[in-house]
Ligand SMILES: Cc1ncc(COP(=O)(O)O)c(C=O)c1O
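Take a look at this one chain, the form predicted on its own, written out in structure tokens.
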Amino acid sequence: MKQYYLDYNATCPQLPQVSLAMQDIVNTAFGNPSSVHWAGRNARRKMDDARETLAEYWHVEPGSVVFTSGGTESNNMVIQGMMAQSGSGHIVLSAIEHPAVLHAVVQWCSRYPGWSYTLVKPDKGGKVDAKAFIEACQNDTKLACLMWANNETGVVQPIFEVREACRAKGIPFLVDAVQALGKLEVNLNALDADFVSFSAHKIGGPRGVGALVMKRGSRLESLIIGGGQERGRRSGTENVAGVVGFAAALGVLDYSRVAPVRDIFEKKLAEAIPNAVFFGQTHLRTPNTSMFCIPGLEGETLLMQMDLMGFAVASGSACSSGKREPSHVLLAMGAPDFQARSSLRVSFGVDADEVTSDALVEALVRVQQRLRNMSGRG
């Protein structure tokens, strides 16, 4: 049975050049980058080179790049680090944020009575209205959070408009750019946000490595106390092989060519299953992402059936795919509960072609018919 991996938004297979770069570090730069001897200096040099590569790619200063374990830690660093600096305040965020942002804010506010938050819902197409987001800001708003591109629908959010308003109001702005990297142009000098989070494994880099880019002058209460690495912002011995692998993955994958494949897939699926519902089509999306539902089919059952046929797809965020809960993103968009529970997300890789999309459509049609027969509705 042929297998199709169509879950690139969850993670991208590690690129060969990344593995080679990391193996070189294991063999030649095994020292602790905080050590002053020759082995430590060698590791430090390799890590600094990677930091400069990332900074140049993002159009920022190398000193603004803080290495972390991934997007989740980067987001938590900002949310908890900012809130720890004040005894009370207010946070504005979209209702479609990744759980690494959404749950972090909700949990903090539930633990500390002096804090509150406002969730800004998107329109039915999955895009947050910049004006509504800005109007949700209050006099005591200490942080605003809006993702660059949604991990489930792929819909691109109005971060530039929101950034302008936050700057005028003096509100620090966090952008979760985990799904934007590799799929959209990422120029952080042009964006000029206070905090931007990234994760390496979304672009073919290693898992467990990420970065937080902090605008000059930004301050955070450190969450991890220890040896004072990363200029005191994130203690702990740096993952030198990981950050070198991150740098090696930059710019390798070009997802722009995948958009026609995604569009062909949606067109043919709509023809084959006319009552299929697609989410986010009315707005700009990341080129590889399609989220849809087939009414009458429960999402987890459909997901398992597709797995048995060799198709690796998702039912929303990979961080919550093991839970039998409706998509919070679709619910925020106003989708009914049955659609939020029966949705699937397909995220194509750069090697996907029309043969891939045709095979996927055929499999979905077969699964639909099989499940209808099993339920006696065939």
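All residue numbers are counted from 1 along the displayed sequence. Just so you know, these numbers come straight off a predicted model, no measurement behind them.
Keep in mind the form predicted together with this ligand is missing from the figure; the text below concerns it.
Next item on the list: Classify T72 as contacting or not contacting this ligand in the predicted bound form by the rule of any non-hydrogen atom within 4.5 angstroms, answering yes or no.
Entry: So T72 counts as contacting this ligand.
Check: Looking at the partner-bound form in the predicted bound form, is A241 within 4.5 Å of this ligand by any heavy atom?
Finding: The answer is no: A241 has no heavy atom within 4.5 Å of this ligand.
Next item on the list: Determine whether any heavy atom of Q179 comes within 4.5 Å of a heavy atom of this ligand in the predicted bound form, and answer yes or no.
Entry: Yes, Q179 is a contact residue.
Item checked: Residue contact check: R234 to this ligand in the predicted bound form, 4.5 Å heavy atom -> No.
Next item on the list: Considering this ligand in the predicted bound form, find the one stretch among 217-225, 117-125, 184-192, 198-206 with heavy atoms no farther than 4.5 Å from it.
Entry: It is 198-206 that comes within 4.5 Å of the partner.
Checklist line | Candidate from A144, M291, V78, M147 lying within 4.5 Å of this ligand in the predicted bound form - any heavy atom | finding: Answer to the contact question: M147.
Next item on the list: Could you run down 150-167 and flag each residue that has a heavy atom within 4.5 Å of this ligand in the predicted bound form?
Entry: Only a single residue, N151, comes within 4.5 Å of the partner.
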